[in-house]
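To begin, one chain is listed below as structure tokens, in the form predicted alone.
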Amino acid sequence: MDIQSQDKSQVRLKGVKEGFYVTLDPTLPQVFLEEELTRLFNQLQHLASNSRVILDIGETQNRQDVVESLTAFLKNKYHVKSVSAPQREQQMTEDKPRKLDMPGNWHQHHTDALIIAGRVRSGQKISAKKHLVILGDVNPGSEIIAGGDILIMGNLGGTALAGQPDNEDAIILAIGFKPIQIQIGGIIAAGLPTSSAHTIEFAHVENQGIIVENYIKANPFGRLTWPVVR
């Protein structure tokens, strides 16, 4: 096959967090692959040295010889630190729940969440089998209990028990976080520091204790690659 007629787009390079991601067709001539890698890596100049390279040859099987040859080529010519294959197993693990969720659509995930609007006054007690959402304030002297998360779109001034009886992954969130006492699973906390400003804060379990953080700054669910059902 004439090397001059090869499509250069069959060898691609992009920068990623780990270093550089190279995609290529291992069935192409070795000389052509090395020429294209040279063209692409020369553009990187000093950035190539000591970098991590992910080499993606697609689903092609039994082409370890090509991978080994190009690994040696990149290490010898550009002094890259490492050459590795994509983490396909991890990607498949992440994709599995996505495929399960997408056909069913999110509205088909039934929950036992309780959503109420209005002020919870002193002496009142509200219980939810799973999650509890309150659109209003929770006054001192009141008690709210949930088997899952507690989300308060207002001030929390009473007692809140989330994750009952033993779910320590639950959270308690409020716009004004000033509880008398809170409990997550079997862990209890009282006398927590409060903020004078109306800031969205949430309590969660960490190292067998309860800590309160700014929800926006902590972004506790920001690392999730796909929405999950709590």
Partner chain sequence: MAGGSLKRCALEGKIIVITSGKGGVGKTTATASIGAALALEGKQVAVVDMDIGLRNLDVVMGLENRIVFNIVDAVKGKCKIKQAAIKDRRIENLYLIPASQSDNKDILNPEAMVRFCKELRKEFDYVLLDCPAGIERGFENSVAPADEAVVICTPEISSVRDADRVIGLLYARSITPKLIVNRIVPEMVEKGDMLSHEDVVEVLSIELLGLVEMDSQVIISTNTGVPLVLQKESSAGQAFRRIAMRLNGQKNLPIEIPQSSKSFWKRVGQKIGIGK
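Positions refer to the first chain, counted from 1. None of the values given here were measured: they were computed from a predicted structure.
Quick note: we don't show the form predicted in complex with the partner chain, though the next part is all about it.
J.: Give me the residue from Ser127, Ser82, Ser122, Gln87 that has a heavy atom within 4.5 Å of the partner chain in the predicted complex.
T.: Of the candidates Ser127, Ser82, Ser122, Gln87, Ser122 is the one lying within 4.5 Å of the partner chain in the predicted complex.
J.: Identify, from the list Ile180, Ile175, Leu47, Ile188, the residue with a heavy atom within 4.5 Å of the partner chain in the predicted complex.
T.: For this set of options, the contacting one is Ile180.
J.: Taking heavy atoms and a 4.5 Å cut-off, does Pro140 contact the partner chain in the predicted complex?
T.: Contact check for Pro140: yes, within 4.5 Å of the partner chain in the predicted complex.
J.: Taking the partner as it appears in the predicted complex, which of 113 to 121, 145 to 153, 128 to 136, 67 to 75 has residues with heavy atoms within 4.5 Å of the partner chain?
T.: Heavy-atom contact with the partner occurs in 113 to 121.
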